[in-house]
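A single chain comes next, written as structure tokens; it is the form predicted on its own.
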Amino acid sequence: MNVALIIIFGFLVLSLYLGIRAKKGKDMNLEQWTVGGRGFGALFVFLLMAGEIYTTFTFLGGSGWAYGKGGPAFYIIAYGCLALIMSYWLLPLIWKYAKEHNLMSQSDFFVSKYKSPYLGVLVSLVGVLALIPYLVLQLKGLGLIVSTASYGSISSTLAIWIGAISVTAYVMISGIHGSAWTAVIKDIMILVVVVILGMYLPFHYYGGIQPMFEAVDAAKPGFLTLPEQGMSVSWFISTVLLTALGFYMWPQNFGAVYSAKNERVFRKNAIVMPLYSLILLFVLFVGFTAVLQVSGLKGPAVDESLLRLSIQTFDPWFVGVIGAAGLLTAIVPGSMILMTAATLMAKNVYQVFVPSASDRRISNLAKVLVPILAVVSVYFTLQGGNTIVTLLLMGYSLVTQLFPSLLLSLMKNNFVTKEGAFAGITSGVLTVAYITVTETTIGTLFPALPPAVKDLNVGIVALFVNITVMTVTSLVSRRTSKVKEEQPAA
């Protein structure tokens, strides 16, 4: 057993220990399991939400995009900062309403606001549909990280099973408490590793960050800028906007909001988290460094750029530390995804159709669903192929369809009805499904439009359809309801 593998498994055991120990002294009812008894302070809420910033997608995908795409990769930093700034006003309103109405999931919010349990079922299904491929992404990244960082001592398949079993165990035992404590170790690790890699590698290979960019630009002119067509300026702006709106629409992020002790937590975090997200720059620096140092990576293999460069640069013990940090970037968000998906299915789908189910029964069902969802995700990770890739691309666009009806529900005079919200979300989701499966773009839909318009993220179309259908349906349903009220009783 090599030293890298020992270090990776050491941190896996540590995360498992912290996750299980987090249960100590707590009655794991549904509220404690899902939202931590609403007692988390600024640090834990910060770490849980930072889990969405630093996942295996960011760890591998961020550097991979810098390696394979160049300038367009900077959108990853832009949308996160914008979303985190928005949270200063958005999240306190959500937390306050959830606290007053004792809500425990994202779907609960829609059910309470629109007085429609069936809208909650729709929101739950949209959330789970987006979460499963997102969990598959974490598991695939975990397998790649452990297999590569262990120099092939552990196969990707075995690493995926070990990670899934470990996450399942402590999620079932301690819920969000386990995720919070593991997030402490994960964020310390990722902060140290990413900064070291992002600073050391450009200086090691090029003598500095500026010389690195100069070398890449000289070798590949225009690679570091946005192209005139395709991933152009209009693509960049529209993609940043859509992903920023969808950032807190992921059910696990939305649910983490409920765990805060008070609303001041979000305002404190909104000041710090945009700066914290800028650490992603160091991930991009690694990818840009690899452009001229690691050759031949194409397609999905570009995600290996960070690991390939690290292996050819560092001793095995430090590669093990990098692998351990990558492992934790999968475990923390993976645990939140599993717990959130299980809660949605138990509380907001099953209980709607079996209203007599007790809170204890719902809590037990949610915990039983955790290993089931984990096995399903592992299956798709190993067998999913292109279908899962397609679903993954749909993920952000799917959850963003929840934003319009959520935002308007926070207004004092919300004109949107439950029928309007249901119709808007449904039409948006179906539009996303169609344009993703058929690989439709605005250019193929409207070929006569100027390039700047054709390059817009096609999710804009789905959001426009959503808002239009939501508005029209709400106005019609309000008018119909008013007419019925005015009719004399028979």
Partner chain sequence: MKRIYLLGLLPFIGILGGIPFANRVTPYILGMPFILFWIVMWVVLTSGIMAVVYKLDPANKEEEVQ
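Positions refer to the first chain, counted from 1. This is a predicted model, so every value here is computed, not measured.
Another form exists, predicted together with the partner chain; not displayed. Remarks below refer to it.
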{"query": "Per-stretch contact check against the partner chain in the predicted bound form, the hit in 314-322, 366-374, 147-155, 281-289 (non-hydrogen atom, 4.5 angstroms)", "finding": "281-289"}
{"query": "Of Y350, F74, Y205, W161, the one that lies within 4.5 Å of the partner chain in the predicted bound form (heavy atoms)", "finding": "F74"}
{"query": "Single option in I196, I85, V184, A219 placed near the partner chain in the predicted bound form, where near means a heavy atom within 4.5 Å", "finding": "I85"}
{"query": "Interface membership of E214, the partner chain in the predicted bound form, 4.5 Å heavy atom rule", "finding": "yes"}
{"query": "Contact test in the predicted bound form: V121 vs the partner chain, heavy atoms, 4.5 Å", "finding": "no"}
{"query": "Partner proximity in the predicted bound form: E263 to the partner chain, non-hydrogen atom cutoff 4.5 Å", "finding": "yes"}
{"query": "Partner contact for S277 in the predicted bound form: the partner chain, 4.5 angstroms, heavy atom", "finding": "yes"}
{"query": "All of A78, V233 and R267 with a heavy atom within 4.5 Å of the partner chain in the predicted bound form", "finding": "yes"}
{"query": "Residues of 194-231 having any heavy atom within 4.5 Å of the partner chain in the predicted bound form, listed in sequence order", "finding": "I209, Q210, F213, E214, D217, L224, T225, L226"}
